[in-house]
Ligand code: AMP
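Taking the form predicted alone, here's one chain by itself in structure tokens.
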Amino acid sequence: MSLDHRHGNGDWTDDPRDLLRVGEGFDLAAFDRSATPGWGSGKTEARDHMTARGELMSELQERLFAEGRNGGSRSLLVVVQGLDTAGKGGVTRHVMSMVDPQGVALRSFGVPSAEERRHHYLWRIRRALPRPGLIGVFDRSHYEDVLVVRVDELVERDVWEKRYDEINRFEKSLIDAGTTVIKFALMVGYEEQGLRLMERLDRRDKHWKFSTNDLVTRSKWQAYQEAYQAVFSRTSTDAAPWYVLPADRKWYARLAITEIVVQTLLDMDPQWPRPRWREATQRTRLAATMSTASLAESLADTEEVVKGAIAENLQFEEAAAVAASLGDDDPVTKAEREAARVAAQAVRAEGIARLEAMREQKAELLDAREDAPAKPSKKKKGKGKGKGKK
């Protein structure tokens, strides 16, 4: 990794989780959709900050993936909602593209198929849930069944009214089973949406994104605002909160989602799994399959490989500590600095001990080979040229 810590938490003046999370009395009608809450700088700085956070997120995602591959039960579900042109697709392209794609499960939910309509509305959602170790991303979700269904009157009111509580119970069951749930609503302004739709009409390469139904949906703007307000008021829970993001500035929405996903992963604190095999035993077995030249090359590379891993680990721990301090009034106290220094020394000492052990083992394995390369002769100790006895 090449994380830059010089700027600490960048230009976040406050934790976006505190600023964007739906709380009691949240009023969507008064929400400023062009604001950049908590970000004290501009678009260029946001891009740089996203890059640094992306490297941290990638490391955390890999740890979560490794945990899942080794018997872990945890996963992360990211729900993304928003009207047409709000920028839902950009979340996948610009945020989740910063991690290994094999660790991400993306699913979009459009109009239900004939088969899906034959089942309970949560049936297709359950089938798309992320497996352990994965980050699941829902582009639209089960909330369509209290948004579109409500606005377009596809079912009776007494049917969709019951779904808010049902969704809360459903999400709680996911959390109890090991899935962390975070929900983002990208709220674009009415005028901004009009501009984005017009751009799609003006650009031939964007025609594929435009649907005549977009204008039908736009004509129901107010009804959708009321439906979203009900969603936020009734389904933002302590365990599965809603974060409402101003989406008129796409870069800000992506920045905020990146930060909140990173903070969530830091809270999850995935760790590299401990192997169920003995390192020295497996190294001996592997060495037996290698040529003498390859084993000698591995021995020569040991220090560089291990010290590089130690440096990356220390860099990750430092970046994680800096990110976790977001929103603290005094994030780096003297005691915290000392604790970080001691922890870093312990990590480095453990790594150096492993380095010496594996270097010694490889040397012994190499020495046992009949065709082992000759060791360089050691110079005899002397007093040096011209410094003999008088």
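Sequential numbering from 1, following the sequence displayed. Everything numeric in this text was worked out from a predicted model, so none of it was measured.
Form predicted in complex with this ligand: not shown, discussed below.
Screening W251, F109, W160, Y243 for any heavy atom within 4.5 Å of this ligand in the predicted complex leaves a single hit, F109.
Of the listed positions (A177, L154, V305, L201), a single one reaches within 4.5 angstroms of this ligand by any non-hydrogen atom in the predicted complex, namely L154. Remark: none of the three candidate residues (E166, R169 and V181) comes within 4.5 Å of this ligand in the predicted complex, counting heavy atoms only. This ligand in the predicted complex comes within 4.5 Å of a heavy atom belonging to R124.
Contact check for E259: no non-hydrogen atom falls within 4.5 Å of this ligand in the predicted complex.
Contact annotation for V148: at least one heavy atom lies within 4.5 Å of this ligand in the predicted complex.
This ligand is not shown here, but in the predicted complex it comes within 4.5 Å of a heavy atom of D84.
Picking from 69-77, 283-291, 226-234, 111-119 the stretch near this ligand in the predicted complex, with a 4.5 Å limit on heavy atoms, gives 111-119. Counting a residue when any of its non-hydrogen atoms is within 4.5 Å of this ligand in the predicted complex, the hits in 130-145 run R140, E144, D145.
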